[in-house]
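Take a look at this single chain in structure tokens; it is the form predicted alone.
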């Protein structure tokens, strides 16, 4: 275990250097926000509204997948916003899905914002529910509300918030409607002024819930700081090769860039 810890510290320093080379001052941010969502939900518009011209583009370290990072400030808190690849799932069937999942799970963002299309909510909720299995602090940005209303679609955002266990912010990013509310909600979730209690899956299949719990306990005994051991246990039982490789190498901390630290 000591060798693994030393290795992680060394690689973390290497990640720090990579981010510095790509134009980021790691100590320049107080909190990290992940921006996730299906393609064509207006996620890029939300990103642009939040960050303005304070943006940086490039590729994820070691991958030919486009990455956009930006910054915004609210109540003297400096936020770094990481725009994850648009994806329909986190089951790691593609490099985009793997990047999104690994950053949310192992990068440990302070808040994950899930951008959903209000005109196709049922389709978008698949990803939202998967994200809520691996993070406890999230906000659903219910975008394209203007288009939904134009098509006669009404969304009970309060009821949806109760069902998901996270705040839901109706918005139309193209018109800048709801953007200020989204920023304030992100800050409130980060500071726990708004408490999240995201819905979690439980499995009626005989023996599965017990197997997940037992394996999660074993993982925690080996890796006390492991994020979301229950979800990782489930993925191992489902044969997720990427998670299995990370476990064998003891490199969970290396699956995503390091969290920025306050100066």
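Bear in mind the structure is a predicted one, so any value in this text is a computation, not a measurement. Positions refer to the first chain, counted from 1.
FYI, the form predicted together with a small molecule isn't displayed, but the following is about it.
- Site annotation in the predicted complex: the residue of 157, 146, 73, 163 reaching within 4.5 Å of the small molecule with a heavy atom is 146.
- Note on contacts: among 167, 86, 107, 178, the single residue with a heavy atom within 4.5 Å of the small molecule in the predicted complex is 86.
- Picking from 187 to 195, 120 to 128, 73 to 81, 137 to 145 the stretch near the small molecule in the predicted complex, with a 4.5 Å limit on heavy atoms, gives 137 to 145.
- Residue contact with the small molecule in the predicted complex: residue 229 places no heavy atom within 4.5 Å of it.
- Not displayed here, the small molecule is approached by residue 39 to within 4.5 Å at the level of heavy atoms in the predicted complex.
- In the predicted complex, at least one heavy atom of residue 173 sits within 4.5 Å of a heavy atom of the small molecule.
- Residue contact with the small molecule in the predicted complex: residue 55 places no heavy atom within 4.5 Å of it.
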